[in-house]
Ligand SMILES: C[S@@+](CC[C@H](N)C(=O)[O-])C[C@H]1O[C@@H](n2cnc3c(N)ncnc32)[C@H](O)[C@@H]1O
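As a starting point, one isolated chain is supplied in structure tokens, in the form predicted alone.
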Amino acid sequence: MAVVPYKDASDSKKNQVAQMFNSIAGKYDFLNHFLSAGVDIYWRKKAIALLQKSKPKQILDIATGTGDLAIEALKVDPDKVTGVDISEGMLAVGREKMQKKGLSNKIELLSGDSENLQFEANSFDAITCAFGVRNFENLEKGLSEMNRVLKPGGRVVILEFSKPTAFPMKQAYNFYFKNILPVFGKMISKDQSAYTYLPESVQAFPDGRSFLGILDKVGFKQTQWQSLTFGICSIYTAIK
């Protein structure tokens, strides 16, 4: 059974995820930085640095949220970054952020379903995604869509939470995720389910070599994985 934010609701996971992010959109950026002690900023920098050599001109940022990874992607000097997300609440916060930073001419944020992208095949030089694939209703379908709209030879870079395996980080991480994060998340976001769903969805996600296997299955090549911050997060890369 799929892990969903609102266990008593009958909506699909996709609709529940959109509802959840709409609910917490106003507090999302603050909570991201607060609950990770700012390490999420470092993770994004590491991910985008992997695109420096290829210098992609057209970048698609999947599950862009409020656009933090899209903004970081400007460091590789693309012509344009297109962000897509199913949450109108997150996109509204993101668009306001782009306007304030004067980036609306370089970054376009669009409403879109990552599992049914509105773009033609072979449209983008690179695709990025930070903490989004875990929320896909159908993981293989979402990854297949990334493959479809990526140009041959293009690179995909995916950031996602993973599960530490070494003592004592494994035990500390599990305690924090199950006992600390949900309390602060609920208190600040006012959404009872959002930060309970997060650790549950991380636990259910096929991380590490299992995720590489899925990337291979949907047609990606040169799939690689590197662990960050004692295994709390991973960067996955692949080529079409």
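What you see is a predicted model; the values in this text were computed from it and never measured. All residue numbers refer to positions in the sequence shown, first residue = 1.
Form predicted together with the named molecule: not shown, discussed below.
By the criterion of a heavy atom within 4.5 Å, Ser87 is counted among the residues contacting the named molecule in the predicted bound form. For the chain shown alone, Ile59 is not a contact residue for the named molecule in the predicted bound form, no non-hydrogen atom being within 4.5 angstroms.
Interface residue remark: Phe211 is not counted as part of the site for the named molecule in the predicted bound form, having no heavy atom within 4.5 Å.
Though the partner is left out of this view, Ala73 does not reach within 4.5 Å of the named molecule in the predicted bound form, counting heavy atoms only.
Remark: none of the three candidate residues (Arg155, Ser162 and Gly219) comes within 4.5 Å of the named molecule in the predicted bound form, counting heavy atoms only. Note on the interface: of 73-81, 146-154, 165-173, 111-119, the segment with non-hydrogen atoms within 4.5 angstroms of the named molecule in the predicted bound form is 111-119. Of the residues given (Trp43, Phe177, Phe205, Tyr28), Tyr28 alone sits with a heavy atom within 4.5 Å of the named molecule in the predicted bound form. Residues of 135-153 lying near the named molecule in the predicted bound form, listed in sequence order, are Asn135, Phe136, the criterion being any heavy atom within 4.5 Å.
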